[in-house]
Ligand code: NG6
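Shown next as structure tokens: one chain only, the form predicted on its own.
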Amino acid sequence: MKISFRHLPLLSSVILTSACGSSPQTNLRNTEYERPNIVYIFADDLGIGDLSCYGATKISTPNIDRLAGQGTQFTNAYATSATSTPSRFGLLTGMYPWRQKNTGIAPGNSELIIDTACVTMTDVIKRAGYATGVVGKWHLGLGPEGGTDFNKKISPNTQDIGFDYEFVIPATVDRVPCVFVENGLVVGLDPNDPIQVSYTEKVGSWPTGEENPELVTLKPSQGHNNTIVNGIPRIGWMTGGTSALWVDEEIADVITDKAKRFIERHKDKPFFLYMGTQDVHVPRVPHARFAGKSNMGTRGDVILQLDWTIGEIMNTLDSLNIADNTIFIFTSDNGAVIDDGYQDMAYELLNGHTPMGIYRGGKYSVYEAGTRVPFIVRWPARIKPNKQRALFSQIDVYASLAAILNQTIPAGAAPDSQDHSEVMLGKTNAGRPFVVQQNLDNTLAIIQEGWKYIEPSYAEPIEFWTKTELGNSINPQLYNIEADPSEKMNIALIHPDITKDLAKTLQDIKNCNDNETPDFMIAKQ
């Protein structure tokens, strides 16, 4: 479905078509580089100010810097949401997560949130003849409605939405169950020690942070006071599965090794690897190789660990002589957060480091630091190194990769994704005409031609435990983010016509697909 919008006053003429559907795809076929490998890596809670290639001076990220220096480095790229689950949902479905009611932050025993009828980005890539794999953080649920049974083959799982191979962390590392799942089975599970998980009440007799604080090695600053695993109190209650529990210090090594092995197994045919790192999400528990090396506490140490992970994947591609024809995308699921539930001295040890850069807010927020993220695309065979200032959203990765692979998206699939493959490849700086942002409370904002409008909201303005400004206000907000990137001055009253027109544009986008069968429910063809 396509709709047209009125031109906004005081702005250059832009007709915003394709608000609810993919834009026409560009034919990028090249016989020599017909089917590039694709590696997509989602860092977790990484801020745009956390990398030296984005201006950080208190920490060095040489591997990510090298990746950026060899490809397209975006400065105006956005995640679809300021939190993990909806951000990942938007990427894989090509649909704004706020169109669905079940895309809040998922508990560790959530059912699979993406309907198996959905034609995902992975489905489209797989149809192009690709081996597909997912490794690392998942956080989109597993199993049927009603919750996950971790003691048997979990179905549906990621293999029901396009992935051939899975090795995943079910949710986040601060949530139970603290186990890996490989192709639907918990790794290392003893059937005589079954797993129980609850997010409503305590199960079993394992100690909790609330009841046994003397057993805690990493104290919570808020909320994280349920079942203790490896000395760390988590969100949610768990018992059983002792032989399957991960070791926090080893998580990065384990998932990096699984990613490398997937690449090695499929080096002779096109592959798509979707990898979610646990870094730099809490609890931040670096391997001994990185502990104490950043002089910024554990948050800095796990940034170094993340950079190592990227280096390992790059080195694997180099060693197999396939880096030249591999599209390597690196980004973050949302913006940075400093104190997110544990007393890890992250604030006290910043040492002048600014994870949010010059921007306001952070993870959970509709202000810029909530969704403006690092975004890097390297493809040596087709991309010359460049800095890209075009407006870009992760919602468009779906349609853009489909265009690069010359794949047609079925009618109704990826309703909000647009083809901006030429922007990803650095061929043009004519980016997205608008970007929609979403915060923890589903408050939305729209950016267009340097203007940013935030809709009124009656939700709380502050996320109390993180002290993050969410951007909620009962009054409309308007910012000129080119002149005022830190969003210091609300000028909605000064420019009422622009405020009114952007509010209308946002409402039109929100109204897309009303009175229609949800596009994601259209059966796979």
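In this text, all values refer to a predicted model and were calculated from it rather than measured experimentally. In this text, residue numbers run from 1 along the sequence as written.
Note that the form predicted together with this ligand isn't included here; everything after this is about it.
Although the partner is absent here, Tyr364 is a contact residue: one of its heavy atoms lies within 4.5 angstroms of this ligand in the predicted complex. Although the partner is absent from this view, Asp44 contacts this ligand in the predicted complex, with a non-hydrogen atom inside 4.5 angstroms. Proximity of Arg175 to this ligand in the predicted complex: non-hydrogen atoms within 4.5 Å are present. In the predicted complex, at least one heavy atom of Gly223 sits within 4.5 Å of a heavy atom of this ligand. Among the residues Val282, Ile395, Ala77, Ile125, the one placing a heavy atom within 4.5 Å of this ligand in the predicted complex is Val282.
The contact with this ligand in the predicted complex, taken as any heavy atom within 4.5 Å, belongs to Ser84 out of Ser84, Gln388, Asn109, Thr331. The stretch among 135-143, 193-201, 367-375, 301-309 whose residues place heavy atoms within 4.5 Å of this ligand in the predicted complex is 135-143. Residues Tyr40, Ala131 and Ile322 are none of them found to lie within 4.5 Å of this ligand in the predicted complex, as judged by heavy atom distances. With contact defined as any non-hydrogen atom lying within 4.5 angstroms of this ligand in the predicted complex, Trp465 is the only contacting residue in 450-471.
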